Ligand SMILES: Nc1ncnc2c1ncn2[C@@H]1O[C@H](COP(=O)(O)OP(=O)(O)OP(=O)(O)O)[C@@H](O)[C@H]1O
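In the form predicted alone, a lone chain appears below as structure tokens.
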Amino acid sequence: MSEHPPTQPLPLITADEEAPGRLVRPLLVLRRWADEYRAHRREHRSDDGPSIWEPIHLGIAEDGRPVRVPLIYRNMLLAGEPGAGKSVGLNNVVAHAALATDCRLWLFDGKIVELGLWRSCADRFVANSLDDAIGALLDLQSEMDQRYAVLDDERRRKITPADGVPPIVVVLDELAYFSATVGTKREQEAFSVLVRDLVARGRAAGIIVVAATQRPSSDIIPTSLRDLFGYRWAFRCTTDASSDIVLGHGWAARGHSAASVAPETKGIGFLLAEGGVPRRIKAAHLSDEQVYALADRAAMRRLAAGIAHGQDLDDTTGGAA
């Protein structure tokens, strides 16, 4: 089979003698050829793994179509009540980033166990220490400033794949732990200010922030922070107001409320992508066994690529890898 779709004449209709040669369903024919071409590419592609420059598969929409979004130059916010499926959605993002050896992975996890499975894939893993979290964010801020200095010198606006500068995917779970639970008020404010700066300025420098919380309230996700996220994924929320805190004011009144998701339908939420209309989607489910297997595979890929040797698994005190 050729790598390109076969060249064949499109079916014609000549029932109308005055208009011979009118195309019959050409889009259906082209779609079939495109599907065959993609299947051929999947069958013959080498096991290079995903790239952070490629769209990330999140799940399926109500019409059954896959939902894939580009994460480069963007940030993502995930929120929902406990047990709503937020961790499932987050694992899809982390799995793609971990398997992509053309990016770096920084993980922040106050509970340790949610992202702990991926710690051997991380260039830096921060557990339940707010002081370590602030230190890591300061390092990210310094890296971001250095990248912008280079871009300014070269009169460019953003990094590209040709630069050889790896994007950094920063995953924060759980926001509320670091910004409202542990530490002093001053430390919590310092953490929140640093996160806001990375979300606001990091995109063009290749700093991608993915933040998650099970407390979608205005003190954890203030409007000034929420509006900086290009992607907002609201899993089941207790109230319409909580859903609006994630998606934006007014969406619940227009029929887009994560409070309408039934408690038993885990993994379903509303995804708002860059100024569009929230879409109801179901996150692709990964079992614990699949997550373990993906994490091991990603760790081996990164080890083979000479990156992200991870932390000692006996070290649960947080800090850098």
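From 1 onward, residues are counted along the sequence shown. In this text, all values refer to a predicted model and were calculated from it rather than measured experimentally.
Omitted here: the form predicted together with the ligand. The next part is about that form.
Exercise. May I ask you to decide between open and blocked for this site, after superimposing the site C-alphas so that the ligand adopts its pose in the predicted complex, counting ligand atoms within 2.4 Å of backbone or C-beta atoms with 3 as the threshold?
Key: In the predicted complex, the ligand occupies a site that, on this form, remains open once the ligand is superposed onto it.
Self-check item: Listed range touching the ligand, judged in the predicted complex by heavy atoms within 4.5 Å, from 260-268, 64-72, 290-298, 49-57
Solution: Within 4.5 Å of the partner lies stretch 260-268.
Quiz item: Which residue, 182, 225, 144, 88, has a heavy atom that falls within 4.5 Å of the ligand in the predicted complex?
Solution: Selected option: 88.
Quiz prompt | in the predicted complex, the one of 132, 114, 123, 197 near the ligand [non-hydrogen atom within 4.5 angstroms] | solution = Among 132, 114, 123, 197, a heavy atom within 4.5 Å of the ligand in the predicted complex occurs only for 114.
Quiz item: Does residue 283 make contact with the ligand in the predicted complex, using a 4.5 Å heavy atom cut-off?
Solution: Heavy-atom contact with the ligand at 4.5 Å: present for residue 283.
Quiz item: If you check in the predicted complex, is residue 214 within 4.5 Å of the ligand, heavy atoms only?
Solution: Judged by the heavy-atom cut-off of 4.5 Å, residue 214 is in contact with the ligand in the predicted complex.
Quiz item: So in the predicted complex, does any heavy atom of residue 77 sit within 4.5 Å of the ligand?
Solution: It does not: once the ligand is placed as it appears in the predicted complex, residue 77 has no heavy atom within 4.5 Å of it.
Quiz item: Heavy atoms within 4.5 Å of the ligand in the predicted complex: does residue 164 have any?
Solution: Residue 164: no, not in contact with the ligand in the predicted complex.
Practice problem: Scan 228-261 and write down, in order along the chain, each residue with a heavy atom lying within 4.5 Å of the ligand in the predicted complex. | Solution: None of them.
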